[in-house]
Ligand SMILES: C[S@@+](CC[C@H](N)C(=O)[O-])C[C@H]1O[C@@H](n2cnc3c(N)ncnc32)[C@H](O)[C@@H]1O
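Only one chain is shown below, in structure tokens, and it's the form predicted on its own.
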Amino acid sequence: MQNTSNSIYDFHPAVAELYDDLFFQRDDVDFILKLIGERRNWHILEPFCGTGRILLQLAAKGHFLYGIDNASNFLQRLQCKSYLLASQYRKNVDIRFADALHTSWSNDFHLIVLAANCFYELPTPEAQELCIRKAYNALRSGGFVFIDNDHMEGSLSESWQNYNACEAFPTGFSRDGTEMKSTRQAIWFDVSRRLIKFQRQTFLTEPDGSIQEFSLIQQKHPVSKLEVEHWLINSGFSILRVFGDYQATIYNKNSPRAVFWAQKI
């Protein structure tokens, strides 16, 4: 049976489990906490919160966390994981199922977290810039935004300019024996605009042997450091620091990441 899914994350609950098996690092969370410093009881929004890897760790430090995501299976897993928090912190977590870009955000936040390459979830530079403008409007005066992406300067990297299929997420076995095999294949790209479309396919084999096929066309726009810098300034932010990693190394063109700490002025 073939299905067309609107999300690579939401066609089966096992996807969320595989995601947590692959992405469990906390060096970026530790860096966010270092930037927050001794400030306490912040109201923090994470618009692409996923299964809560970042959100729950910040909540465990006593902050009030609000999450938005459009993958219901991810949010269900986040909700289950939240019960592992101490009771006094569990009540500080509020999550909502919605498309972050097309829903209203509350305002008066101390911090908005746009981390873990979340801009790859948005297909165009216009959508990514809109996300930054929404962040500005949702922050209280003096509030902060944390933006963390790898970066691609100039035109589309030559390493992205091929039409060969490759293994992709989600691939692996869940604990109940569900198997997923996924591929990603470029079907179109615009080198100068740094845009690319992928055909993604997943074959899912249930423990009973039944097989389903899921397919999705997905567009991406890998951001540059210069773009994010421009969007922040145009939206009214003051860029306090730009880091190249989670060890507070100052950004340079060879840095693996472009990590922004900016303030609403």
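Bear in mind the structure is a predicted one, so any value in this text is a computation, not a measurement. Numbers follow the displayed sequence, beginning with 1.
There is another form of the same protein, the form predicted in complex with this ligand; it is not shown, and what comes next is about it.
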Checking a candidate spot here: are 229, 237 and 258 all in contact with this ligand in the predicted complex (at least one heavy atom each within 4.5 Å)? no
Residue-level contact is defined here as any heavy atom of the residue lying within 4.5 Å of this ligand in the predicted complex; does residue 190 satisfy this criterion? no
So in the predicted complex, does residue 70 come within 4.5 Å of this ligand, heavy atom to heavy atom? yes
If we define contact as a non-hydrogen atom of the residue within 4.5 angstroms of the partner, is residue 43 a contact of this ligand in the predicted complex? no
Any non-hydrogen atom of residue 246 within 4.5 angstroms of this ligand in the predicted complex: no
Among the candidate residues 153, 150, 94, 99, which is the single one with a non-hydrogen atom no more than 4.5 Å from this ligand in the predicted complex? 99
Let me know the one among 221, 200, 53, 63 whose heavy atoms come within 4.5 Å of this ligand in the predicted complex, would you? 53
If contact means any heavy atom within 4.5 Å, which of 229 to 237, 192 to 200, 209 to 217, 44 to 52 contacts this ligand in the predicted complex? 44 to 52
